[in-house]
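Take a look at this single chain, the form predicted on its own, given in structure tokens.
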Amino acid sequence: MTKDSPIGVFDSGVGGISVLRVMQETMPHENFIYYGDSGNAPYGEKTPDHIRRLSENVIRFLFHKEVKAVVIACNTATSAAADYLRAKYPDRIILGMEPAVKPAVLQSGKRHPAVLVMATSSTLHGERMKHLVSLHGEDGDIYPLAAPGIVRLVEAGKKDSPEMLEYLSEILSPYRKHADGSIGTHIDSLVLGCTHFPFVEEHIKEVLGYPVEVYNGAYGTAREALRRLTEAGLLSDRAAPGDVKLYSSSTAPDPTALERMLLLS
């Protein structure tokens, strides 16, 4: 590993492209290798053991590509596998994602905000999420909302489809502003707890029908990656912009899915 070695980023599919974009903005001179495990998506409906096995397969692929750090750009995989992978590979820099519950609760400008956390079922039931709720639950009302359909539709290339808007309208019904002006539960802050969700952020806000503060954990992860690489003396000192190599486990007939999402993000 050298300063010029790439940073590995992986997700269960195309969702982690949203994290990759933030990483590129934060560290524009770094090279990246992105691996989307779309052939096994979605992770959010699998058991923790299965997610750990899949994650280890991907991380070994990235190690073979001589990456200097790995970013698990998936909240579900982080919850299920990050501690396991760090314990197994203690000499490697392995970073994960965490739903941005803390800033959503403490930086919202409200004394006791109502915070909607949208994520996969696996993330919402994981130990990391339970820990976040135990730490910050007294400072705000935290409402978990499983939204696995977003992952399926984004993976299918339907992020802007009528099906997406219909799905969002259905699951957000308790929180959105209805035609008569009524709102069941008014939300102050929205946490995007899955890396697929930033691709439909505008649709979520449209369906809610009133302003909310949106929090995305990718920014905190990118800052931590910058700190760790600087601390390890591995931050690139190239003057030229970095590049990205894309890999996928998908056997689907659309080999350009990752490229398209990279352009759209």
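Residues carry their position along the shown sequence, with the first being 1. None of the values given here were measured: they were computed from a predicted structure.
The form predicted together with D-glutamic acid is left out here; the points below concern that form.
- Residue contact check for residue 151: one or more of its heavy atoms lie within 4.5 Å of D-glutamic acid in the predicted complex.
- Taking the partner from elsewhere, residue 36 is found to have every heavy atom lying beyond 4.5 Å of D-glutamic acid in the predicted complex.
- In the predicted complex, D-glutamic acid sits within 4.5 Å of a heavy atom belonging to residue 44.
- Stretch 189-197 is the contacting one of 157-165, 81-89, 189-197, 130-138, since its residues have non-hydrogen atoms within 4.5 Å of D-glutamic acid in the predicted complex.
- Residues are counted as partner-facing when one of their heavy atoms sits within 4.5 Å of D-glutamic acid in the predicted complex; in 1-23 these are 11, 12, in sequence order.
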